[in-house]
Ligand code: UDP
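In structure tokens, the next block holds one chain alone, the form predicted on its own.
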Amino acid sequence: MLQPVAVGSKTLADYTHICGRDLIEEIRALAEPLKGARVLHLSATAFGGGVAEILYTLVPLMKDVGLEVEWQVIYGREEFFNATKLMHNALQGAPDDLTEAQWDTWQRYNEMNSRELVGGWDVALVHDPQPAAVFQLVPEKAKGWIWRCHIDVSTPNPATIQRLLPYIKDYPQSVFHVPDYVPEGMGGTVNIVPPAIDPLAPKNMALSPDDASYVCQQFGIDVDRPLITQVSRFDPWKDPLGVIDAYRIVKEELPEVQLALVGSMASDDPEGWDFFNATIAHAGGDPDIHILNNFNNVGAIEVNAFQSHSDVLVQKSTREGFGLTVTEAIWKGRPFIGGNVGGIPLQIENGISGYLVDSVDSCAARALDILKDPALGKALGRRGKEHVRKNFLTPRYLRDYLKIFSELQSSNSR
């Protein structure tokens, strides 16, 4: 048996005051004909990273509207996750493809997990490349299949996407964040569904300024001095080294500024610790650079506090699938600067609800603009929060999935 993930319970009605009655009623109407449908979410890990975070909200809400939903995690050892991390990077454009032995490892673990998968599902929703071969191996175990891609495959390593494509192109339905991510040769029905955040999760709920500054103080932040923060995995694509470089330029003009780099270490990311250590080395012992992760007791509330208290929030990615940390940051109503890549431009109206940047220098320049003009920061933050409320909260995401399930159901009954 694959490992089931225990999730809490959530109630769709609790979101009405944030998202509006019309959306909640639309969701209930879509869910009515799907009541009792058996839905499986299949992913690589139950913690760390955006996929797991989304599912801890999406699965309980799907249950709340009457679906019978399970989330299961595939089995994998270090050799498998080393191969899939390389695959992940290659699909985002890194030059190294997997070796033949690593492709064999990926195939072998997919075969093993396919054997262990119990059948009888109305919908099987397979997340990302790690378990992508399952549909081809055991199509009979579900009536409807969806492949959900959470990464930026707009400029993949050609050899890697060519090898993966036969396993993903025949899914009846697939889901990507933005049209640019859809690889050539995808069959079936391709859906464009940007992800979303849970506004009621501990990481995103409203924190008072006093509570936020109290938490930040516990980690050595001087709450009376300006703070720039990036929340992300420790990963080359998130460019924490570039954030440190931008901070140093800002510090030349505003010596009182501080920097926090806050991230979580995921179980399926063996490179994470190496890059975490490289980030510490790049900081060079600067006491105003605070590098923290979930092993320093930084959980959801702490991330919320850092985002809510910061004067500038940054996500200086050089590649980005979508960047839920962007949505989370903007939801706190704080001024935001993001890399002009992947799904980030979807979330930022440049110059209106935040800034998009392409370099260390422009990141530093925009940070200085905000730090020198608090009224500008407030206006950016206010407009950004409203943009997220309309477009990137979980009930909208749930609605989009229910539409896809309805389409699968009707095509299966033809």
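Since the structure is predicted, the reported quantities are computational estimates derived from the model, not experimental observations. In case it trips you up, residue 1 is the first one in the sequence shown, and so on.
What comes next is about the form predicted in complex with the named molecule, which is not displayed.
Stretch-level contact check against the named molecule in the model of the complex with heavy atoms at 4.5 Å: of 155-163, 74-82, 257-265, 94-102, the positive one is 257-265. The named molecule in the model of the complex is approached by Lys238, whose closest heavy atom lies within 4.5 angstroms of it. Interface membership of Thr325, defined by any non-hydrogen atom within 4.5 Å of the named molecule in the model of the complex, is confirmed. Residue contact with the named molecule in the model of the complex: Arg233 places a heavy atom within 4.5 Å of it.
Taking non-hydrogen atoms only, Lys203 approaches the named molecule to within 4.5 angstroms in the model of the complex. Candidate site formed by Leu40, Asp64 and Asp198: none of these residues places a non-hydrogen atom within 4.5 angstroms of the named molecule in the model of the complex. Site annotation in the model of the complex: the residue of Ile344, Val303, Ala212, Ile289 reaching within 4.5 Å of the named molecule with a heavy atom is Val303.
Residues from 49-78 that approach the named molecule in the model of the complex with a non-hydrogen atom closer than or equal to 4.5 Å are Gly49, Gly50, Glu53, in the order they occur in the chain.
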